[in-house]
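We begin with a single chain expressed as structure tokens, specifically the form predicted on its own.
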Amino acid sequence: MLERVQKYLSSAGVASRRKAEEFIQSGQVFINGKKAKLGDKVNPEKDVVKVYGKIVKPQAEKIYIGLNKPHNYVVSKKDPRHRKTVFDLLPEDLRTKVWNVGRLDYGTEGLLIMTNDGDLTQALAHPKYEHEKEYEITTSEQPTETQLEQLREGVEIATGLTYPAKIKAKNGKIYMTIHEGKKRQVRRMMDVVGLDVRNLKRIRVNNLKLPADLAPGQYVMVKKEEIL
């Protein structure tokens, strides 16, 4: 069965589909000795696919990890400033097999999904699916009902008007649910309405909730059905 080479690379655990496309565009992917182009198709049973000179083989086992990202960790495999990365928290045998789905800021904690499933990555990352992300926010002072209503309706940030958010205030914290993923979106939204964020934690991605007993820096193996 033929499939696009970028999809084959992501399903084989090489990289996310977007990253696989970058490998192809930079001329690092070859199919049967010929430089691959975006849209080229491969037969996993017959064709020889190489990335940076290494043969890529189909990967049968899919891995799904729910990691509780601590504060002051970078969501990247390497950091030019030599800061700690979330991949340092995984056993060595897992570090090269998975990638992160989306990001969390350096100072933000909470649920981060890591996988080698390109289809899951595509589904969670694409805006059209509108998968929810829920955050627990601690602010310096209690919000007013006016501020909460502004967040519910959507606010204007540098990248445009945000979609309406689901907002509730409980036990001195604000719980915000959005389905967008703009850079530093939650912090920027809070700044617009005049609320200072003391702590920001993601507690849910779609159906997967951050386990209450999962300490920062720890992870748990989960099933795809628990996420989608």
Ligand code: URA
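Keep in mind the model is a prediction, meaning the values are calculated, not measured. Throughout, we count residues from 1 along the sequence that is shown.
There is another form of the same protein, the form predicted together with the ligand; it is not shown, and what comes next is about it.
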| item | value |
| --- | --- |
| Heavy atom distance at most 4.5 Å to the ligand in the predicted bound form, all of L112, R204 and N206 | no |
| Options 44-52, 29-37, 161-169, 185-193; stretch whose heavy atom lies within 4.5 Å of the ligand in the predicted bound form | 185-193 |
| Contact of T108 with the ligand in the predicted bound form (heavy atom, 4.5 Å) | yes |
| Proximity of Y135 to the ligand in the predicted bound form, heavy atoms at 4.5 Å | yes |
| Partner contact for L104 in the predicted bound form: the ligand, 4.5 angstroms, heavy atom | yes |
| Contact flag, I174 vs the ligand in the predicted bound form, heavy atom cut 4.5 Å | no |
